[in-house]
Every structure is written in structure tokens, then in C-alpha cells.
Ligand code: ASP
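Before any questions on binding or motion, here is one chain by itself as C-alpha cells, the form predicted on its own.
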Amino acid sequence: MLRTHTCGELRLTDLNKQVTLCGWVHKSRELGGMTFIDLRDRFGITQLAFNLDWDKNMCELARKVSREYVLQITGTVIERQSKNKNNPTGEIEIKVTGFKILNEAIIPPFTLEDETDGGDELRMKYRYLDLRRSVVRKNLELRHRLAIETRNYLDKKQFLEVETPVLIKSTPEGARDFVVPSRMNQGQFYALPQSPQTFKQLLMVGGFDRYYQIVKCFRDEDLRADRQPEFTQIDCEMSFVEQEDILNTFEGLMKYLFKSVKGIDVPDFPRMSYANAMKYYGNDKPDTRFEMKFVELNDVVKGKDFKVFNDAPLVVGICAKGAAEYTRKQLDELTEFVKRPQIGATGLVYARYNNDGTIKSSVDKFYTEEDLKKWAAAFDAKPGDLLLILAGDEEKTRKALSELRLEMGNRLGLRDKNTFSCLWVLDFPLLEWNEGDPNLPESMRGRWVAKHHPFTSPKPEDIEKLKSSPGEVRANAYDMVINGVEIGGGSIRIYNKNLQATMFEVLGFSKEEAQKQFGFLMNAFEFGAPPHGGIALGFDRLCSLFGGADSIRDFIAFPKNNSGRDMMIDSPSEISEEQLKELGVKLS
């Protein structure tokens, strides 16, 4: 070893020890005849002290080094005169007696501090430098800790960690696949897995009973803060279980992680049906850190001369507690917010329930104060509250109000990142009608598609509706939601070949297509498949939640940007004509 200690471990109890340290120059400063260098490694920072009176040559050499030089030093641990209580090593320094430059460095293109002056693109290009910042390192340490504790919990629950293939068969369900040409089987392609779904089900057929994997998955879809083309999930499956067993097991995992990693005891997870989530929050992953539930107003507001409400299929609103004193400017900002194209409302109606008991609205010429008092009663509003109301088509209006609710939660400080509200959302629709989602392959448009995936079991009592009323069938599925983020989801699986064939038929597969795509799974079901189910938890999202960040990129060592590019290695990139020829691939 080139060192005896790290830069984060020496304390006053180590006084007079002879030590050797290695690391990077974080900062250097000259004070008269003294020179001080902060030496940094992954574990912390230790101050080095040089004095012209101790060793003139060494002190002059120290003054020639610059930021990010790599050093090896030897010396004696001494007590600092000017202590730094903010640094764990801040009570000691090293009186340097030996000094070696292991490597020189040019000045970095941005400062390697927690509050850096580097923009996202620049830091992504020089990610290896960004990784030296303590804030990034702590994010990856958190990721490591979550992975270790996940394995500890699942191991104690008798789960086996099994690796599944990365080069698999392309399937038409879900997001777009990344495909890989085969040199040995020209004209044919592998796909990178969107999840290990079929393999973990086959492991259950194989009798493994409890499987898990912290696994890379790949989806060729549009990116945003919580998505990357490659991501990691905690993938799990269990045999001989019902929904309740899975909910208890993985609620237990989450409680364990909160306690072991963050020292927080979280209460039992409430359960909410998909129907109620949409009715009261307009969202299948509601943020329940605050109330502000939707209140439907059709019976209260219609029948006056206000055409907007009379013509709307749905009039619905929220009550923002204590916000009645919002200014006209603030209300105009909210109106512009809901009219943004990505939200799509045509306007906003508001009513202030003033502290003196009067109610004033933006539609006073259509409604008397007595009418407005009925509005307030519907919301159970109190003096000082602000009522915000949208009207229009049901689905679009609920979606827009959900965004407004979250915006008000932000504005009123109700979405504290140090507060955690967990729940299960249950009883999703098994299927949804897809008119023409441009994010889905053309073959999946204008037909029923699986809300989760085609291996999800219907509720037993709804199976008889599968052919006659597919839109009414509920899935034996569940999502784990924390602070308005879908952390993971899963289901009880279909394990009967005939039911699986019916599911493929409803999804528009011919018998030949189903056999071609999934024959291996349906054939396996003929050899005694056990009842089974599982869940996949988004590991990157979990890390960002525990770390209090909005983007998963902060918790991935080498992330892609919003265009799916790796700025550091300049990928994706073109390949040579010779490689294309070898693969049998022709570019038009």
C-alpha cells in the first residue's frame, strides 16, 4: 500500500504518529513562511503543513503544486492551532517530512466543490472529475448502502440472487427495445431486456421459490429527470403467494431500508384503490404528504348563467388552506400555469373565502354570495382558504387539476423532502384502450394494451369479463408510491396456459403470434407452474428519494443526458463500414 491511512480517519488520538497519506490537492494557501495544503481522497480531507523553518526545499516544492495534483506525503500528526470544527479531521494536521508528486494535473474546467460553477453538460463531459466532489460521492455511497441493505433483508427472507440474460428476444409489448445485431446469425437480432419478467417467472416454474436481482434494464424511450435509457431495478418474484404476502414482504423491505439507512420509522402503508386515486387526486401515484383532495362540484355550480360550467362534463376543484390572501398577480400566475400546453386547461376559476367571512370569486356576476357559500360548504372550507376550480372533459380536467394541486403543494411548502408518505395503490384496470400513443409501437395502437404487462393476472372475480367487457376487468396488481413517485409495481401473474392464451387474444395476438413470441413461457406452464407473483422497485428512483433529489442522474456513476448521450465517451457513435458488413447490417 502506498499509504498507511486515508485522509478522513486521523484524529487527536493519533498525535505523534508517523503516517503516509495519498490524495489530490484540494486547496493550497500561503501564510508568511507557512504553506498549507488540503489533501483529499474519497474518505475526507486532511491539512498538510509546511514551514520554511522546518524544511525550505520541501516548502518551496509544496508551493509549486496546483489543484488536483496527486501527492504522496509522509509526516507526523500534530495538533492544529486553528481548528476546523466542520471537518472531522479539523483538529489535527500533518507536519510533512516526505513529499512526492505522483502525478501532475492541469486546472479542472470547473471547481470541484459542493457548490460548483460547472453546468450539467460540462460536468457530464468530465464526469470523472465531477465524481471527486463530495456531494456526488455521498450520493453513490448512499446507493451502495441501499444495495447492501436490500441484499441483507432479502437474504434473510430466503430469496436467492440469480442473474438473468442480457441478450434476449425482442417482444412487442411495453416500450421500444434496444436491439443488438447478431454476427453469427445475420439478419437476426437480440434485444436488451426491458425487465427480466419472463425469466423470473420461469425461475418460479423451475422451483426457485424466491428470486431477486438488482438488475440493469433498458428502454428506448423519451427521457426526463426520472428516466434513463439504462436503469436499475430491484426485481423480485415469489411462489405460492397471494397479493397480501407480496405487499407485506416489500412493505417490510421499505420499512427496513428507511430504518437502517435513514434512521426513520415509517408507519404501515395505507392502501388506496386506483379508482379513488384518480377520483381524489387525478393521479395514480398521489402525493399524500398533504390533503387537498378533489371535490366534484357539478351538483353545486350548474344551472346558472355561466356557460363554462354548464357545458362541462366535469367541474372539480381543490381547497388551498390559508391561501385566501393570494394576490391577483399570484392568481394570474396560477391561471397561466394551468393554461400551459403540457397541462392543457382553458382557464381557472377561483374564490377567496376571506377572513371576515365574505367570499369573492372570479365569476361573481354569475353567482351570489349565497351560491359561493354552498361552494365553500362542498369543500368544507374555512375563512382564509382559497378555492381553485377547473372545468372540462373528465380525464383532461383531472390531469390538469392534479398538476395544479402539486404546484400549490410546492408553493405552500407542503412537499417537504424530509417527510415521507408511503402507500399502496391497488386494483388497477387490467387493460387500457390505446388510440394512438406516439410513444408506443404502431402495432400497439388502436387496440387494448396491458396496463402493466400481458402476464398480469386479472382479479379472479373479473376473469369472466375478460372477453365481454375487457375495460371493466381489474388487475391483481399493485404499485408502491412514496411522495408522489411510483417507486415500484408488480402483480400476481397468470400461471395457467389457457388464461394466458385468452389474455393474448384480448390483446390482439393471433395464436401464431402468441406462440412465436411467448411460446416458451406458455409451454413451461404445461409442466406445473406454481401460483406466483412479484414486484420490481426502481432502484435509481429509490436512491434519489432517499437522497432528497429530483433527478436520478445524481445517483448514477456515469449517466446519460436528456438526449440519451454519454457526453464523456461520446456515445452513441457511428461504427465502421467493416463492422457493419461483419454484422450483415446495411444502412439505407
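Don't overthink the numbering: it's just position in the shown sequence, from 1. These numbers were taken from a predicted model, which means no experiment stands behind them.
Not pictured, yet referred to below: the form predicted together with the named molecule.
Review point. Can Thr89 be called a contact residue for the named molecule in the predicted complex at 4.5 Å between heavy atoms?
Key: Output for Thr89 is no: heavy atoms all beyond 4.5 Å of the named molecule.
Check your understanding: Do Gly490 and the named molecule come within 4.5 Å of each other in the predicted complex, heavy atoms counted?
Key -> Judged by the heavy-atom cut-off of 4.5 Å, Gly490 is in contact with the named molecule in the predicted complex.
Practice item. Classify Ser195 as contacting or not contacting the named molecule in the predicted complex by the rule of any non-hydrogen atom within 4.5 angstroms, answering yes or no. Key: Ser195 belongs to the contact set for the named molecule.
Check your understanding: Any of the heavy atoms of Ala536 lying within 4.5 Å of the named molecule in the predicted complex?
Key -> Residue-level check for Ala536: yes, a contact with the named molecule.
**Study point:** Candidate stretches 457 to 465, 157 to 165, 416 to 424, 490 to 498 - the one whose heavy atoms come within 4.5 Å of the named molecule in the predicted complex
**Key:** Residues of 490 to 498 come within 4.5 Å of the partner.
Review point. Would you say all of Lys216, Arg227 and Arg565 touch the named molecule in the predicted complex, counting a heavy atom within 4.5 Å as a touch?
Key: Spot residues vs the named molecule: no contact at all.
Check your understanding: Since exactly one of Arg123, Arg398, Lys200, Lys285 fits, which has a heavy atom within 4.5 Å of the named molecule in the predicted complex?
Key -> Here the answer is residue option Lys200.
Review point. Among Arg143, Arg210, His453, Arg474, which has at least one heavy atom within 4.5 Å of the named molecule in the predicted complex?
Key: Only one listed residue qualifies here, and that residue is His453.
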